[in-house]
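Next comes just one chain, in structure tokens: the form predicted alone.
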Amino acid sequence: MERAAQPLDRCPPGRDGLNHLVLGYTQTGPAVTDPIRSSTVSTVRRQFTDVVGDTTGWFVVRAPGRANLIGEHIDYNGLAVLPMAIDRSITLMVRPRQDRTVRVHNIDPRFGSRTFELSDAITPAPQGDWGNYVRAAAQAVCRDHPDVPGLDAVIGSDLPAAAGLSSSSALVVASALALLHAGGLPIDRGGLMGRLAAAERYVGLRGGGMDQAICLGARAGTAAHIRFDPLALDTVGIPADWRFVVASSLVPARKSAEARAVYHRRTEECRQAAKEIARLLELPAATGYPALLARFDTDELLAVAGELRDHQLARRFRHVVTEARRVDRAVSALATKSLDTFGDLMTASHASLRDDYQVSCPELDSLVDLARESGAVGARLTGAGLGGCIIVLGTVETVPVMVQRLDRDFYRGRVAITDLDAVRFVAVPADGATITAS
């Protein structure tokens, strides 16, 4: 494993281009220019001129989405995860302002424009409003830098929304970087990871810190082993012949009030389960998962969990501790290029998320089954679940056949041929967020 780079004062230059079902990418990036990405960037530039007018001092921020390879619903329990950034992203074209106003225009007509004033206590828009992610970042930046100036920005994305690929966190990261760069302020990536994870609670979610960490700290051609308390990130190279395919269930992974209630309930169940296990082991009630796993092996903990009267808490506990073990084994499998082992761990992770954590859905299960039947080495839901996407592991040789099967048996009749690249694609492991000056 290679230690990630230290935080940078300025983001490195970005690069254009994606790769959808083009299997000849290199470890340093895509081999071809992707028409979806090129179209998005062109539209952002065109609308920036129309909406903002004066382009003096403009710059571009790119913040990638992520696919979590393994380690789902355990980051907020303080346990390590293994995601990678992907080559689809949020793109902001930005011009600093002389006042404290933030004006953001989204090229997607479903979302429109938002305007607000900077302060350290920004009033939220109604729950579910996309602009709250920009406001969350702005409030966090203002609390550290009270005099940061406003900006005009046009936002575009080739990252599917509500797909479990962290488009919301990418928007938070991109917005924070835009404000910092507009103010000529230093950018401490390591410090931002934790601050922006906390900032996102502005929108009413209580997640962990994985999404912000990978968005800011990823390196092309690698996955990131991210640990918490303290936050640490190590990169692990992805073998050149491995391919990860993202495939949408076509069920939105929305953060509606109902979905939020499910996620919050799972979080509380995890905490309660740990508390009950600590009681049975005669440990302090505040003993968390990292301390339990440091003191006992997984099988010992599972044996104690079998004594819980609340079988639902036992299932939640079983998912958390077995998923933590799968992450450790997956890191080793990746480092030793053990393809089959890594795939088996992914598939076991999906079964745990389906049966013990209960955040899958029939469409996700169907996609996983189809992928496995058509030669995938492993497959699992990625993201919070209840919709969204799966992540599938294959090779250069097996991916084309597997994708053809998904197109024929899942997407046919549901998705137009011209829209397939928006719902299933080879995810190239990408760099973290970048800023490119004019």
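Just so we're clear, the structure is a prediction, and the values are computed from it rather than from any experiment. Sequential numbering from 1, following the sequence displayed.
One more form of this protein, predicted in complex with a small molecule, exists but is not displayed; see below.
At least one heavy atom of Gly209 is located within 4.5 Å of the small molecule in the predicted complex.
Contact annotation for His350: none of its heavy atoms lies within 4.5 Å of the small molecule in the predicted complex. Remark: Glu200 counts among the residues lining the small molecule in the predicted complex, judged by a heavy atom distance of 4.5 Å or less.
Using a 4.5 Å cutoff between non-hydrogen atoms, Leu205 counts as a contact of the small molecule in the predicted complex. Contact annotation for the candidate site: Asp87, Gly217 and Thr222 all lie away from the small molecule in the predicted complex (no heavy atom within 4.5 Å).
Contact with the small molecule, judged by heavy atoms within 4.5 Å in the predicted complex, is confined among 43-51, 405-413, 376-384, 57-65 to 376-384. With the partner removed from view, the residue among Tyr289, Tyr263, Phe111, Phe296 that has a non-hydrogen atom within 4.5 Å of the small molecule in the predicted complex turns out to be Tyr263.
Checking His73, Arg135, Arg189, Arg326 for any heavy atom within 4.5 Å of the small molecule in the predicted complex turns up a single hit: His73.
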